[in-house]
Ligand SMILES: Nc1ncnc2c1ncn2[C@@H]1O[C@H](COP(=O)(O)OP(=O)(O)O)[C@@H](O)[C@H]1O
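One chain is shown next in structure tokens, namely the form predicted on its own.
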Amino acid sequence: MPTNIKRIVSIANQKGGVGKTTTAINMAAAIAKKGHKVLLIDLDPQGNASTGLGIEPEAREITAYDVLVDGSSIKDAAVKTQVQNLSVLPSNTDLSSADAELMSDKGRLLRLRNALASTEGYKYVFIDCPPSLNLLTINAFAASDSVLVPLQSEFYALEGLSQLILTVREVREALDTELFIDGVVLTMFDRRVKLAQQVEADVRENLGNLVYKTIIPRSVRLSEAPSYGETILQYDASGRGAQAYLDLGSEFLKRDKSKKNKS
């Protein structure tokens, strides 16, 4: 990792619809708002993180596909967003063919790590992973220090989490890295629903301090913001969704400082 980048974090959950991209966009924006230079890597072929940050398709001249497959530099590909201190490495549907095109490349698992090794100017890098444990996700894990897992507050919340944890362990052992689970964030939470409260209790009992104290509420405004190409901090700055992600950013930085002091 380049010495100026403090942390590289994959935001991942192979289960779709859990608020993964919403968390990636708004957590990156919250950290940027606190004065840190942040890069968000959109590694999902759907390109939702790029769209959610207002990056129009015509502005995506060089994308994550070009970085992974053709060796383009992240410096040339990164696009500044309307959020101060926040840039994004955009994506589009071309990325969906990366698995097949890199299949014969012996170094295919390290493409993103190698690209980040020559990247400067950012303190934190967040990677929005696709909702599957494929080559793109493994590339993200191989490049990262840790994995942050958004977990929807529903009956099957823990389903698949064990597989994700196993994948993290396998990547750590296979590539001899210190990759770890940064934490689990409860998302789309409705405190009025008894099941949500039960899921929270179960998750905290099973995972303990791994679960962030901050909970992301279910919010119409959070759902609306991406359609305007804005983060929730822009779209509804005084709302509870914005406050939740600001709190999450603060908790992340506090945990990061604590890990640094212990190391």
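In this text the structure is predicted, and so the values were computed from the model without any measurement. The first residue of the sequence shown is number 1, and the count goes up from there.
Here the subject shifts to the form predicted in complex with this ligand, a form of this protein not shown in this document.
Query raised in the report: When this ligand is placed as it is in the model of the complex, which of 194 to 202, 63 to 71, 215 to 223, 230 to 238 ends up with heavy atoms within 4.5 Å of it?
Result: Stretch 215 to 223 is the one.
**Report entry** Proximity of residue 18 to this ligand in the model of the complex, heavy atoms at 4.5 Å
**Finding:** Yes - in the model of the complex, heavy atoms of residue 18 and this ligand come within 4.5 Å of each other.
Report task. Using the partner position in the model of the complex, report whether residue 188 sits within 4.5 Å of this ligand, counting heavy atoms only. Result -> Looking in the model of the complex, residue contacts with this ligand include residue 188, since a heavy atom lies within 4.5 Å.
Query raised in the report: Can you name the residues of 68 to 100 that have a heavy atom within 4.5 Å of this ligand in the model of the complex?
Result: Residues within 4.5 Å: none.
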